[in-house]
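Only one chain is given next, in structure tokens, and it is the form predicted alone.
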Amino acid sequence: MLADKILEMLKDEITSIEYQRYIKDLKFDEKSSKSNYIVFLAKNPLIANWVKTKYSKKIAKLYELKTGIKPEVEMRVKNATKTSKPKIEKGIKKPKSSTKLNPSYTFENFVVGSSNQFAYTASLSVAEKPGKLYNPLFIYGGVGLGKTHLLQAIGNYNLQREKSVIYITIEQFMNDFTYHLRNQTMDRFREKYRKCDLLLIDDVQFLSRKEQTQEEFFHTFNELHNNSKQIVLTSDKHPKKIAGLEERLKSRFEWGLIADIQPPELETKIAIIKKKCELDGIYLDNETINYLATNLDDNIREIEGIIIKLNAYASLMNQKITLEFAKSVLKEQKKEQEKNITIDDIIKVVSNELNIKPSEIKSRSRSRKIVNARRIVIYLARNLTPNSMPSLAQYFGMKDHTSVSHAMKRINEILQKDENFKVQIEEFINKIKHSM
């Protein structure tokens, strides 16, 4: 059969692992296929979406080489039955999410590349069949790589299908938990989080060392999972590497599917810039796009922010966005970033997290707790601000820069030995950056 020959030909163009995992078990649907429209059946939606995204163009090209006709390639799931769209009865209000979703975060607006393709395909599969395929779905990766976009895309997709969706950060979850606990209204809290169709939680790594919240979340997770309600979580690291997280929670986070997002390669960064320009009606020539892609960091949020800033500056100055104009704005941006975080910003976050007064950190107190907090502030200030060791010594009223050097050395020693302390420092950095 021609279809089998085409798949054999594809075997020579991809790795053996890819072929065995995704292509080998595809079945040609002869009844549904035509000369210009061919249908294959896959085991499950994840494989169907993955093959459609990554290999459909190759399959179509191989068909064209054999028949002279370039067909549309469709992937379906074996034994899947079409369901009619549910009718909305009059007088019944559409369920709403308890937190606002960004309507621009959709699957259509997400730029897919090799760095995020698996996470995208997994998210789309879960969105299409919540609670049935991969539960939970755990997406992890660095800051600004698209985790929140995929999380909210799942939410937006299901809001359109009349599902009740809760999207929330883990910090909001913890604050909500604390509020209801203090007011003795935990029945309301549980009713809210355990009766939704989809629970989408961002930045779950901040559950670390929050024992009481972990206990409540554990039971919420079990209740939702037992009732086939979809849970999707994001984190900056794999669940196994989240220090201060109970083993039973780590185990549950690995029950479903874990998908990582890597920093975008150059081609994907270029595609992201082009997509952002297209959505916002901004014109950039290819030279400027390539310059931005090669000179900006991998953080997609920052890339989009720079494009918005370029457009705003150009509009205010009534000027076209040229390569030279982009270079000047980018240069100014780097200067602003260096000056953005101050020592006072760092003290504010650290004192709040450690329950110490800001004035105590600035004092000469030798209390062990305060000395430790002061060392942390010095370490963070040295890494996040342009302040030199002498200027830090002057700020804290120290004799000279050797005291600062000693504090830095002590923090680095603890970081090498204590994984929990390392996580705590990472949390401080995240909170400081997000508070700007």
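The shown structure was predicted, so the numbers you read here are calculated from the model rather than taken from an experiment. Throughout, we count residues from 1 along the sequence that is shown.
Below: the form predicted in complex with ligand ADP, not depicted.
- Task: Select, from the options 174 to 182, 313 to 321, 294 to 302, 157 to 165, the stretch whose residues sit within 4.5 angstroms of ligand ADP in the model of the complex by heavy atom distance.
- Result: Stretch with heavy atoms near the partner: 294 to 302.
- Message: Given that ligand ADP is not shown alongside this chain, does Gln230 nevertheless sit within 4.5 Å of it in the model of the complex, heavy atom to heavy atom?
- Response: Taking the distances in the model of the complex, the answer for Gln230 is no, it never comes within 4.5 Å of ligand ADP.
- May I ask you to check whether Gly146 falls inside a 4.5 Å heavy atom distance of ligand ADP in the model of the complex? Yes.
- Query: With the cut-off set at 4.5 Å between non-hydrogen atoms, does Pro358 touch ligand ADP in the model of the complex?
  - Reply: The answer is no: Pro358 has no heavy atom within 4.5 Å of ligand ADP.
- Query: Does the 4.5 Å heavy atom contact test between Pro263 and ligand ADP in the model of the complex come out positive?
  - Reply: No - in the model of the complex, heavy atoms of Pro263 and ligand ADP never come within 4.5 Å of each other.
- in the model of the complex, which of the listed residues (Lys276, His225, Lys362, Lys210) lies with a heavy atom within 4.5 Å of ligand ADP? Result of the distance check: Lys276.
- Using heavy atoms only and a 4.5 Å cut-off, determine which of Cys196, Ile170, Ile289, Ile272 is in contact with ligand ADP in the model of the complex. After the contact test, the surviving option is Ile272.
- Message: Within 4.5 Å of ligand ADP in the model of the complex, counting any non-hydrogen atom, which residues from 212 to 246 show up?
- Response: Sequence-ordered list is empty.
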